[in-house]
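As structure tokens, one chain now follows by itself in the form predicted alone.
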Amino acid sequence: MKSGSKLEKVLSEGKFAVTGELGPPRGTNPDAIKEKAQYLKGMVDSVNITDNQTAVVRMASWAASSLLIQEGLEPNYQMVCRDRNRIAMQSDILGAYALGIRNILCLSGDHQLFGNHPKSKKVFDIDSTQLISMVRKMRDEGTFQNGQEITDPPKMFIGAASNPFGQPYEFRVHRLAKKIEAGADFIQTQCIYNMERFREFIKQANDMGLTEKVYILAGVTPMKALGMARYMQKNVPGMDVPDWVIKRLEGVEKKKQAEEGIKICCEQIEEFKEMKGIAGVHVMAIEWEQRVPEIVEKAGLLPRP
């Protein structure tokens, strides 16, 4: 399948891919996108544009993706199931493709209770696996979910997320298998800190032959400070921050904790580069895009293809 996606080209050629992430602004100013984009140019192969992450209202993902294309970067357009039914989703996919968007990441979405409109009505007409299947049907069969033919179908490179750290742990690899079966071309994982558990997860995926059917990009998020690590360990569902990360950050003075966090991140990337079944990394530098060039350079990921 040739979508015209740069990310697909990099992965299909067997090169180690690097994706980044950019959160749209809580307003209409396109400069907020342009400013963050400058740090990512030449550093990543594609940039995830989040879709009202943490259920907080932001500029539409398709609009921010279109602005990113104008800046010379390739977007990975995120779509969550929380806010739209299948009619709106299929409509948005057609529009996104018409705007030049070639990658889509299919997600369930954070519950609205966590966001700034907790009384809003959730939709969840379909779930993330059904969304993957629907996009694949639109692309490969050239039909809408109801079977009606599409004029000029959207040839999207389809992505999905995987969290190796959600419980029950033994179910995670089977959930991954369902998304691959539904039509996912690539997978981006939750940010990884518990390397031991992740090694076990990827071994299972290798043993089941899943890594031969899909490209897996390991998620990394550099810790800015000890406080961030403690917060993520205690308060973020599905996040697994081992005690060794806390202890390592405790071992350096406060003004050097950010550097230590980046050092940990780069060490992880070095291991992922050699790990069987890993095709790249997804760098989630949350509101810290200015440090992405440093991470990519220190991890030996330059020049990009």
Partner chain sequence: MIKAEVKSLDEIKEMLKGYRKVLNTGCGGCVSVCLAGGQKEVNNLNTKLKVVFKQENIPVEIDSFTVERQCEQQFLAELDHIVGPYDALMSMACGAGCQFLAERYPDKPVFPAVDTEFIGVNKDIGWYEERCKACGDCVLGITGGICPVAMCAKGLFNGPCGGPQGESCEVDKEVPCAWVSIYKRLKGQGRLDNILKIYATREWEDQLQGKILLEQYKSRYIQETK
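Numbering follows the first chain given and starts at 1. Quantities reported herein were computed from a predicted structural model and do not represent experimental measurements.
One more form of this protein should be noted, the form predicted together with the partner chain, which is absent from this view; the next part is about it.
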Exercise. Taking 4.5 Å between heavy atoms as the contact cutoff, choose which of D125, D140, E200, D207 touches the partner chain in the model of the complex.
Key: D125
Exercise. State the residue from G251, G42, G238, P242 whose non-hydrogen atoms include one within 4.5 Å of the partner chain in the model of the complex.
Key: G238
Exercise. Considering only heavy atoms, tell me if Q90 and the partner chain come within 4.5 Å of each other in the model of the complex.
Key: no
Exercise. Report whether the minimum heavy atom distance between A182 and the partner chain in the model of the complex is within 4.5 Å.
Key: yes
Quiz prompt | Close approach of D110 to the partner chain in the model of the complex, 4.5 Å, heavy atom | solution = yes
Practice problem: Consider H174 of the chain shown here, and say whether it contacts the partner chain in the model of the complex, taking contact as heavy atoms within 4.5 Å. | Solution: yes
Quiz item: Can you pick the stretch from 191-199, 101-109, 150-158, 70-78 whose heavy atoms fall within 4.5 Å of the partner chain in the model of the complex?
Solution: 101-109
Quiz item: Taking the partner chain in the model of the complex, which residues of 76-103 have any heavy atom within 4.5 Å of it?
Solution: R86
